[in-house]
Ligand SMILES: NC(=O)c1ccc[n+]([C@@H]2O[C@H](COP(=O)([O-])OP(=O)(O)OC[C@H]3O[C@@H](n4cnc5c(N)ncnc54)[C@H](O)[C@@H]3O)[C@@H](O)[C@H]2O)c1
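Shown next as structure tokens: one chain only, the form predicted alone.
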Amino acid sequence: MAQKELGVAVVGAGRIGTLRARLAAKHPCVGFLAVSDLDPARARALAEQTGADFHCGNNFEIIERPEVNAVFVSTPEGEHAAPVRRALELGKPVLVEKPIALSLDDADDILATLKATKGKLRIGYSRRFKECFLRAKEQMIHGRLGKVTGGLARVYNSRAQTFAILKRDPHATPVLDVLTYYVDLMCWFLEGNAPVEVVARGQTGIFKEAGYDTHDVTWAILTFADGAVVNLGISYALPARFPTQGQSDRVELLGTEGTMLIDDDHKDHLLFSEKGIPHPYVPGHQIEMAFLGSNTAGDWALGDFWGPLGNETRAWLDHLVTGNPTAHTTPEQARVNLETTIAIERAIATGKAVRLPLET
């Protein structure tokens, strides 16, 4: 990996785009880096931070640069489709943040472009690249649980972060924006066994009173094609100064010949500081107690970025150079994830079981 083979465009200079660009700038095979944002000042600031070779306020302009042969799309969720399609039309591989889109129409447009161009697209479900879940997938590959009969995945976070997400995009509800990670994980662990039915309930309160059409608590039961039953739950309405700095979660898998319990709540590394601890996601927000390691993307330490998003970004760039297999989520699975989360919200709204695939 001595040659600078990659010219990388990072579309979107927000929190995740900034991380992608900083990580790409450090990769030994990246010889050209371009960044863009619809706010040119943000693009300029990120270019200065990363030493990017080019920056602008036009997303298509950096995708179309002749030096660019790989694209990260890190725009808000509802703005994925246009830059992804443009990159694919130019024959440039894309890693786009999850979810693939916020509507099935946008997802289908992306998949149609992918089919027509025979391009390469993966979706950034970075939980796959957290070590505990990589280890879990390895055990599933070896079949050590036997037939999986059921499971559980639940995730908690504070309302401070939820309000920051909803401010960025009011349609990025905790179900569509976060529970999708755990739909993806469960489908990955039960690979080849698609969800076929959803039953779900939600409870409104804090966010509804603040003017957002989303739930404080959501619980869903997914039934898979072979009858396996998985319980999914999310509450992103914990008190604003709750110690988590991101996703605090627990995943369980139950099988005929074994069980696997993954405690990812991060209570094993506790920091209390009277000076305050800056929240990694919410600007200006501090907490006195923190579960270290709970930052969903990962953490900067000793000049480098450690954690799921760092692992995922480096793995993608390595894949583009070496051609080795990758664990990144396929666009087909990303569409299943989107359809399933839409079904969860539809089941809440109707109070009825919803069958998958959804009727158009």
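In this text, residue numbers run from 1 along the sequence as written. Just so it is clear, the structure is predicted and the values come from calculations on it, not from any experiment.
Just so it is clear, the following notes concern the form predicted in complex with the named molecule, a form of the same protein that is not shown.
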For residue 320, is any heavy atom within 4.5 Å of the named molecule in the predicted bound form, or not? no
Do residue 98 and the named molecule come within 4.5 Å of each other in the predicted bound form, heavy atoms counted? yes
How about residue 173 - does it come within 4.5 Å of the named molecule in the predicted bound form, if we only consider non-hydrogen atoms? no
Contact label in the predicted bound form: residue 218 to the named molecule, heavy atom within 4.5 Å: no
Candidate stretches 177-185, 253-261, 128-136, 210-218 - the one whose heavy atoms come within 4.5 Å of the named molecule in the predicted bound form: 177-185
Are all three of 14, 75 and 168 close to the named molecule in the predicted bound form, meaning a heavy atom of each within 4.5 Å? yes
The one option of 124, 195, 151, 246 with any heavy atom within 4.5 Å of the named molecule in the predicted bound form is 124
Please identify the residue among 335, 65, 42, 27 with any heavy atom within 4.5 Å of the named molecule in the predicted bound form. 42
Quick one: name the residues from 302-321 with any non-hydrogen atom within 4.5 angstroms of the named molecule in the predicted bound form. 309
